[in-house]
Every structure is written in structure tokens, then in C-alpha cells.
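The form predicted alone is given below as one chain in C-alpha cells.
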Amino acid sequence: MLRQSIRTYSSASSRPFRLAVVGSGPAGFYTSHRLLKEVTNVKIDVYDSLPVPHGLVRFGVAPDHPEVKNVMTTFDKVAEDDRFRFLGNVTVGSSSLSSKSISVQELKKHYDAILFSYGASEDRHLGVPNEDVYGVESARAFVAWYNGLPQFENLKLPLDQTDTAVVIGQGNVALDVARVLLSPIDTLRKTDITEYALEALSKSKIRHVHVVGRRGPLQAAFTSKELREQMNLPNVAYEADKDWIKSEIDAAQSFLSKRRPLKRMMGILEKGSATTSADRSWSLEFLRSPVEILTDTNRSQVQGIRYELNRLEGPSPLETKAVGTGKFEDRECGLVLRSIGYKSLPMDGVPFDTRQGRVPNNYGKILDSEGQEVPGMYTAGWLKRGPTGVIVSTMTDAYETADTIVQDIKESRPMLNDNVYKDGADGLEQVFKSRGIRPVSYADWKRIEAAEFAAGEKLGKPREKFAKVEDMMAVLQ
């Protein structure tokens, strides 16, 4: 019945429903996947500022997690639909008509609706003294560096100048970077990690990684899978205050009995690692909040970090807060990676809640500053809900937004410039030419990917990513 209603809408208007998607990561692709299935007469144009699609699947997933990247096969099938079109190398969001970009206002003229799914491209800061010195970096930048995100190739890190790294945060990304820092180089050589990262990591002197959180083990944000992998790192010992961790787990048995996934993870944590002594180690440190980065006398490089020790207060593990005790502790280290979350950035022409760091919405339908729905404007992914969850979470989130769009079409709700014929990206061809924009199609992307596969084969790895846009574009010359 739903599809019949949508076909009636489409045939009555004698034109397709045209949707622009800004951002080609999982949220954009999964929303498109659902819409192509549910709406017969739809045309979807997906824009990305980079010539290559897939967002965090390509640039965020750890190189030793190839199984997670299998979703790209699903995305390839989406792109095979002739109602779908990819336009890479096209930046959306600038209001400057002289720049190589397209404004949101310009997009609106050519589409019935726009979906914003450009994710979270910035990281949160600690807000402590000396955070800007050499040797303090975001986990996001480190991940982007080893995964080949353009503009991160020349990231400088003191990997060969220290044996100790501190990672602030206890989520999956924190464990990813700890694992990459401590993994045998020959293991990494078999992955799609970039060659320049391999070279730097092969010279790394890092032997000890401390993963630090402000609260306790029951509040850690990593998953059982990531924790198990970390515990099973070959020739890497695990260090922690195991007696205290056990006491925390024992005290929460009634709470854990109702939460099987968390109980399973606490079991892994309590069991620990079979490796008790090795020249490499990692630790989980709880109840510590960074208050200052310690530097050399010239304030030019990190030499350590100072924590305030915390205690936990609250009626239950879900409502526990970390409260400073006024006691402090120093840790010597030469590298600090903050992994305390990502944040989205506002885009001209799109409502944005700066406090929450996301686009205000109701089931994916964008809301204005007064809480009213904005016709034809939608959002999905981290931009919609905040930077939390894994790829499966994003799929569920994207399907929810797609269902909202489907329902709006079914009910003939107002869209962008109703009753005006929309020509999609075809109507922007002259704009592209005048601004020197060379859109990259999905077929073009597959040529770039084939070149990466070929380069990787020579090195005995799945692929060698191009880390420069100009190198990607050179394949298409």
C-alpha cells in the first residue's frame, strides 16, 4: 500500500523525486539503499568533497578489521542502481561563489529534498594547559594518518622519541590506536594501512601504552570485541589494578545480572591477558582526569601528563559521576593521544545546535531554531544523533531517516520549491564548469580503487590507498 501511494505521487507529478545527499559515508549510503528499495521513481545524487566514497568505512575503520569494511560491497550494489549517482570531488556548503564549491542554496534549486550526512570531522579537546605542544594529538588525526585520509600524510608524531604513550579515553577508537601502536609490524604489513605509516611505525620506540578514563570499568565505552582483541595482542602484557577492578565488578553483580553484554565484557576484563610479562605492555587506568600536559623547559614537546585522581559518586553505575579528590599524579610519556569524542561542524544554510554539536531533528527531519520542521531537509548518521555507535547503529539510524522521507512523500508533505521541475546535478553542469569542479563518478572511483588494488598487490597487501587528491585524480587523466 505504501509503495502504491508513492507511485501515485510520482506518476501524478510526472517526474522523479530528486534527493541530494551531502556525505557519502555509511549514513548516506544506507539512507539511499532504503529509499531505492521503497520509492520507485526516485533519483539520488550523492555528493562528497573527496573523490572517493565511503567515509569512515575507508578512513575510520582500523586496518586490521577488514571484515568491517565488507559493507563496501553493499554500497557497491547501491551504486549499481541507475537511479543513483555519485559526485565525488564536489564540496557542498560554502557560500563563496568564487570557490570550488556549491552552496546549500544552490542545491535547493535543483532538488526536492536534501539529506545531510557529512558526519563529524573535528575532535573534542581536553581544555588543559599545553595541549597544543608537539606530541599531543587527537586519536582522530592519528587514525586519519594511518588510514590515508588526504591532508594527514605529513602528520608529525614522536614515535621514535619515546617508549611511552598515553591515550585519553576508553572507547573503541582508543583501543584501536593502542592496538596499532603495539601490533607486530609484520601483522600490519598485511593490511591496507598506508606505506608511510608502516615506515614510521616500523621505527617506533613505543613499548607501553596507557589507556586512561575518568570513571571506572563499568563506565568504559569500548566493546567486548575490541577489548578481547587488545587482551590477545601477541607478546603484549596487560597491566591494571586488578584487585580494585575485581572489587568494582563484584560490587555490581546485581546490576550486571540484568545486562548481559556488559557482564560479558567485565568477564573479559577480569580474566585479563594470558601474557603477564613482555617487553611491550598496555594498561587500563581508571579514575583519572587530565589537568595539564607536562613539557620540557622550552614548552616545545610533551614530557608527561598530570591527572587529578577521582572518586565515583552516584546511585548506580549508569548515573555515576567522577568527582575530583584534589589529589594529583604525574605520568612520564612522550606521546598523548586524546580520544574523547568527535564533533560535527555547522554548514551554511543548515540549522545547527552548537551546544549538542548536531543538527536538530525529529526522526531525521531537520528542525529550525523554533523547533519547526524544515520542508525537504533531512539528516542522518553522526550529524543527526551525535558521534556515537558503530556502523550497525548508523544503518538503523539511516533507515529511520529514510522511512521519514518515505512517509513525507506518501503524505505529499511540502518539500523544497514545490511544483517546480527539478533537474538534479544535470542542472549544475555549467556551475561545475565555471568553477573548475570536476565531479568524480562511481565508475571513476572504481578506476581509482583498481589502481589502489594493483599498487597493493605489488606490496603484498589488499590495497595501497592514495593519500593525495591529486594522485587520485591523476588516475582519471
Partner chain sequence: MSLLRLFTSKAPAVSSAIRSNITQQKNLVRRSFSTAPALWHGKEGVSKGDGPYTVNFVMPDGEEISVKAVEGDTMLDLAQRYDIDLECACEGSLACSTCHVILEPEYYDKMEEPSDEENDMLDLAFGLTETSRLGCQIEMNDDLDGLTVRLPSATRNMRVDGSKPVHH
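Remember, it's a predicted structure, so these values are computed and weren't measured experimentally. Numbering follows the first chain given and starts at 1.
One more form of this protein exists, namely the form predicted in complex with its partner chain; it is left out here, but the text below deals with it.
Q. Are all three of 126, 174 and 280 close to its partner chain in the model of the complex, meaning a heavy atom of each within 4.5 Å?
A. The answer is no; none of 126, 174 and 280 reaches its partner chain.
Q: Answer with yes or no whether residue 260 is in contact with its partner chain in the model of the complex, where contact means some heavy atom within 4.5 Å.
A: Residue 260: contacts its partner chain in the model of the complex.
Q. Does its partner chain get within 4.5 angstroms of any non-hydrogen atom of residue 49 in the model of the complex?
A. It does not: once its partner chain is placed as it appears in the model of the complex, residue 49 has no heavy atom within 4.5 Å of it.
Q. Wondering, does residue 151 line up within 4.5 Å of its partner chain in the model of the complex on heavy atoms?
A. It does not: once its partner chain is placed as it appears in the model of the complex, residue 151 has no heavy atom within 4.5 Å of it.
Q.
Just checking whether residue 90 would be counted as a contact of its partner chain in the model of the complex - the rule being heavy atoms within 4.5 angstroms.
A. Because no heavy atom of residue 90 falls inside 4.5 Å of its partner chain in the model of the complex, the answer is no.
Q. Where, among 76-84, 301-309, 129-137, 156-164, do residues come within 4.5 Å of its partner chain in the model of the complex by heavy atom distance?
A. After filtering at 4.5 Å, what remains is 76-84.
**Q.** Partner-contacting position among 196, 244, 328, 363 - heavy atom within 4.5 Å of its partner chain in the model of the complex
**A.** The residue in contact is 363.
Q) Looking at 407, 276, 187, 253, which has any heavy atom no more than 4.5 Å from its partner chain in the model of the complex? A) Looking at the other structure, the residue within range turns out to be 407.
Q: Residue by residue through 267-298, tell me which have a non-hydrogen atom within 4.5 angstroms of its partner chain in the model of the complex.
A: Sequence-ordered list has one entry, 268.
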